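Both blocks below hold the same protein chain, though in two forms, and each is given as structure tokens: structure 1 and structure 2.
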Structure 1
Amino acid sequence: MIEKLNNLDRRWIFLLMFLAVAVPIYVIGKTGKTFPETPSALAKATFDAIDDLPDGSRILLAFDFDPASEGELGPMATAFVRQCAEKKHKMYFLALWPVGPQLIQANIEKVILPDFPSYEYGRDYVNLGFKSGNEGVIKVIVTDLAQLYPADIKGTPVEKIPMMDGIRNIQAMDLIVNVSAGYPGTKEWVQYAVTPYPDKIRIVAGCTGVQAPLLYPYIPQQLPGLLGAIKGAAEYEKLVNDRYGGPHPDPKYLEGLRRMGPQLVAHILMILLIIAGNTLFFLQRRRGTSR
């Protein structure tokens, strides 16, 4: 029996995982209830980094991710855009990942167009689009933005964009907000933008769970705020909703909190699997030694 369980067909585990994620999504989708969140210090630091700036500051939003990691990063990106918009910050979007511009556009359509109709493209926000070259792009735009971004994504020359007036490089930004799924991402922004210009460039980031542990060494000197994975997104969403959402925030701003449901159940499943695996292991070993 133990032998059989030990060599359990992994497809049973796959099935369990499927249910652990699918059932909560269905239940939460039907009822709209979410689990409570207590924001961590890092999420608060990230929130404050944006909130403590005077209204109308310049924020560079670098969306360095792709649809594959939208599950984790989409809610963060949405919440970042919303907080910046609520604070009336000027938003400069760009991407180091080729598919980034689509995600930028999606967030503009999701947050700015419906909820901030008075915001004008080119005055309150601008989408500079994607440039290839990975960290090379960062190295160039810390000193010369126009060299790589002579025009925005629509092809409008930067001279004709009012909010680009007087911006020679990204040192003119009050804060960089980076949403990152890997390389190039937060690490490269820290390496090539923050490290060489520690007094001029500040950054906060939201990243996938896999990256978060690697970025901890940069906290807090080089990276004052960090949101790790969907948990970070949910905590940050809560902070933004508490400040700006009112009693009944729009469901589109609760995506991260909703996604914590399947997360919880799946984590419990993972824990049970580890316990089960070890129980089997010890039972087997005891039998092995008594023989």
Structure 2
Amino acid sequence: MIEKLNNLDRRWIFLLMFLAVAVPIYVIGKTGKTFPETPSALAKATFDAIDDLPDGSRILLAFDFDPASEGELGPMATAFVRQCAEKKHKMYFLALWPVGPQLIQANIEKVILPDFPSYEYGRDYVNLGFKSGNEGVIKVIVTDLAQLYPADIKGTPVEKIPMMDGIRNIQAMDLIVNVSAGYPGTKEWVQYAVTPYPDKIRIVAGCTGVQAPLLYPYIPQQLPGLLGAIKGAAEYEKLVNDRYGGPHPDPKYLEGLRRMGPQLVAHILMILLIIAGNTLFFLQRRRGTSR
């Protein structure tokens, strides 16, 4: 038996991994049910940072990612927009990544336009678009927003946009929400916006899994809330759905939870395979010693 397992064709393992991913996708797609999630303290802190603000607060949403990271960051970006809209917050969108404006518009069309028809462009939300310069952009807009963003993505001068009245810089925002796939992203927002103005600028963020460890040193003083990868997105989705989703949330607000299913089962399979491999190794060594 040990010899058979030792010589097992690796294609069987590939098949098991395929089933571990495919079966949860099929089951979730067929039934609509997702795996349960227990939100972490960081997910709760992120949710509370937005939810505890008075209705109608000013939120700067910086979408610093691209389609390559949408699998991890897309669900949390959607959940951020939804929670802000549920709270009737005014949303100021901008991006330090070139594809950011398209992702912003995709979320506007996905969340705001169909589900919040009372939201009016220019009064309740605005897309300021992309500016190149990385952290240099942040250094400027902390004191003078109009210098780099004299108009919105449609070319409308900011002085003609009602919700921009009285906004000189991002210190006027009640909260910054950043969705980050790397550089420039959350680290730069913390270093060049929050750190110089700790009493005026607050931030919470969502990031990719590989980026999260680089941001942990900023928790909790400079970065009180952080969502890491699809796991963080799923936890945050649960919090938003529990508060605003009702008994049957729209499937578009369950993407993080849905994507966690295959990942969870695949991780369990990997752990079992590691245990099985090590057990087989020690059994073989014991068998060789006994001879």
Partner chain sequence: MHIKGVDIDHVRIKPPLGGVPWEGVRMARRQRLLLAALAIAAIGMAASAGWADGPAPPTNVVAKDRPWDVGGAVVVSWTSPTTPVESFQILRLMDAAEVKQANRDARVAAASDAAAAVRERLSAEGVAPEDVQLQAREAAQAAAATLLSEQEATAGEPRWTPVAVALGSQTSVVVDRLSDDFPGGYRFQVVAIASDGTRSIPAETTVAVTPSRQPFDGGRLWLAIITVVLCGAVLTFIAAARRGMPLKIRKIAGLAAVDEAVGRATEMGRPVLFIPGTQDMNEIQTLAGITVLSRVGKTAAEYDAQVEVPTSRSLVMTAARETMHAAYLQAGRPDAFNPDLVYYVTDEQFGFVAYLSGMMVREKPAACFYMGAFFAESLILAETGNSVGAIQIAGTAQPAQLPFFVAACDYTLIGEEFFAASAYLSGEPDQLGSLKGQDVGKLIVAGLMVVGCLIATAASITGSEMLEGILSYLKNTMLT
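Just so we're on the same page, rigid core means the largest C-alpha set that superposes within 1.5 Å between forms. Here, a residue number simply tells you its place in the sequence of structure 1, counted from 1. For clarity, every value in this text was computed on a predicted model and none was experimentally measured.
- For the form predicted on its own, the corresponding chain is the one labelled structure 2.
- In this core superposition, Leu8 moves its Cα by 10.1 Å between structure 1 and structure 2.
- Core superposition places the Cα of Leu280 7.3 Å apart between structure 1 and structure 2.
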